[in-house]
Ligand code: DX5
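Okay, so here's just one chain, in structure tokens, the form predicted alone.
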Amino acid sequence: MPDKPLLEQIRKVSPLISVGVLTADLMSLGSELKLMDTAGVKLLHVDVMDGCFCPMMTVGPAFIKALKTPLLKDIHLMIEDPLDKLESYVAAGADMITVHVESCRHIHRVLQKLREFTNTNDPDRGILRGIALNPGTPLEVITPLIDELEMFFLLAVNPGWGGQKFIPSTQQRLSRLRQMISDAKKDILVGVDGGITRDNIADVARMDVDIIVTGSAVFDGKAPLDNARFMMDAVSDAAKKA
């Protein structure tokens, strides 16, 4: 068995979309999740906001635990001082946990702590550890962390506000990030999050990313199944042409 089976699993089928669940119809969440499974979506993205790290407050471990789905739970913690809160999210069934480098003084300790946990869905699967960077955070901060994670996510918008447009400089940051990972000779997934729409999904997919987070472009209240398939096809087509 590989040292990081979940990383290998995602690497084989990337690039992927990770669909943000908070824009779904929460009164019909079970049905919405089944539509994602039917479409072939692999990752379900949950934005956890505490009202301190960013303005909005969203959901916590109880909501994540209540998500009954075969999709992998991709948890994005936009919270202050996540260290003491990690265990509750692991217990809730997180398969992937991303923390912000800006969220605490000792982010290295957070990543080390995550390494100690066992995946409650499948002990052999492992938990992927990720770091997210806000648009204004220099990429150089990742250098001392690169041995302690499996994913990097670059935010293409500032966290906590809806309706923002994809920041164009993200493309250059993604290119630099890829070069840094290559120079370090590491196998690390690269993701981008924020401002992803039907209109730009193909362009973003051509930026050499493994995971693209999208929410309202799928759960628009009209045709989530068709939207998910559209986004997945756009990513697949872009990857073939790359």
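For every residue, the number given is its place in the sequence shown, counted from 1. Treat the numbers as computed from the prediction; the structure is a model and nothing was measured.
Keep in mind the form predicted in complex with this ligand is missing from the figure; the text below concerns it.
Checking 144, 123, 168, 163 against this ligand in the predicted complex, a heavy atom within 4.5 Å turns up for just one residue: 163. For the candidate set 50, 32, 210, 47, a heavy atom within 4.5 Å of this ligand in the predicted complex is found for exactly one residue, namely 47. Remark: of stretches 24-32, 188-196, 174-182, 65-73, the one touching this ligand in the predicted complex is 188-196 (heavy atom within 4.5 Å). In the predicted complex, at least one heavy atom of residue 215 sits within 4.5 Å of this ligand. Although the partner is absent here, residue 157 lies within 4.5 Å of this ligand in the predicted complex, judged by heavy atoms.
In the predicted complex, this ligand lies farther than 4.5 Å from every heavy atom of residue 110.
In the predicted complex, none of the heavy atoms of residue 128 sits within 4.5 Å of a heavy atom of this ligand.
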